[in-house]
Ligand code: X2X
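Single chain ahead, written as structure tokens, the form predicted alone.
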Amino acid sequence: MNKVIKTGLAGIMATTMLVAPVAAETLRLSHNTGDTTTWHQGAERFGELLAEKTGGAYDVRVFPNAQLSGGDQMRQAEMVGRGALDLVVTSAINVTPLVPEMAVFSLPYLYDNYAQVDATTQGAPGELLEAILLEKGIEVLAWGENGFREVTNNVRPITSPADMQGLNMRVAGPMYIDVMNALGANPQQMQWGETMTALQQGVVDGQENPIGAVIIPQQVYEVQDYLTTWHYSYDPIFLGVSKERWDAFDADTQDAMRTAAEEAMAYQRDITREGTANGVEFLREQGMEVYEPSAEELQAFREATQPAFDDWAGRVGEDIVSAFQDEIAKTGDGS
């Protein structure tokens, strides 16, 4: 009798083991900003879509504020490239220490509108940069948006290049140091995680970031008085995966991952642009003084930053810059 019972129990256990769900494989995704931003929302959406498309085979854990790189937003891409991180959502300007050519997206006054942006990030120019990133061990899955970077400060309204003179400005990367120097400001490169405290304490006077992706969700308006919509630089983000990890996936998983990334980043671009479109009025309601320069005033900023454009265009490479400018020219005025 005992033998029969034991045999029966063994059969039940074997059956249970056969039908038990396989534990999802965890993938770690790091990004620069806080968990209220559209960066985070896009990353979370990617995780949801990947789980859905793979039957729950993968669990994407999202880590904001560059936690997995010790708060150093510049190191994330390098860590993905060598396989120390699985996935990253980061902006082009944050990858320039590893891939200087990524600065092309953010050259001052390269773009006038979203149509021109999309022609490059979703077209052949973007593919040029994807190929370079692949050489560094990063497979780009899809492009998202940080946005047009606007300037804020606590000293005075910025209506001309002269108003930038002497301001202590937090910047994200090396190219913006040269841009700020060209405008007569005092740039200080600083991790985003340190910036809000620096603004509150007056360590820096101002900063520059997109409205929909950073200024509103990170509540920059609570520590800054003035904003100028000078649209001086555009910054895309991308969702990338370690090539080492990517090559280990089968074709079906790769297809599911790329599709999930494209859908998630399309969603992220949409909510970022929606936040930007409604953002100026919201910021005025929060008490910020917003200045919207005329075309003539923007031209003055364009001329003042031309030396930085020329210098960084040289570092990026004439072939890449020309590819971007040619694609932009095809869109006309974007209307």
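Treat the numbers as computed from the prediction; the structure is a model and nothing was measured. All residue numbers are counted from 1 along the displayed sequence.
We do not show the form predicted together with the ligand, though everything after this point is about it.
Though the ligand is absent from this view, in the model of the complex it lies within 4.5 Å of a heavy atom of just one residue from 33, 30, 305, 276, which is 33. Among the residues 148, 111, 192, 238, the one placing a heavy atom within 4.5 Å of the ligand in the model of the complex is 192. Considering the ligand in the model of the complex, the lone stretch of 112-120, 226-234, 249-257, 92-100 in range is 92-100 [heavy atom distance within 4.5 Å]. For the chain shown alone, residue 46 is not a contact residue for the ligand in the model of the complex, no non-hydrogen atom being within 4.5 angstroms. The ligand is not drawn, but in the model of the complex it has a heavy atom within 4.5 Å of residue 209. Contact check for residue 172: a non-hydrogen atom falls within 4.5 Å of the ligand in the model of the complex. The ligand in the model of the complex comes within 4.5 Å of a heavy atom belonging to residue 73.
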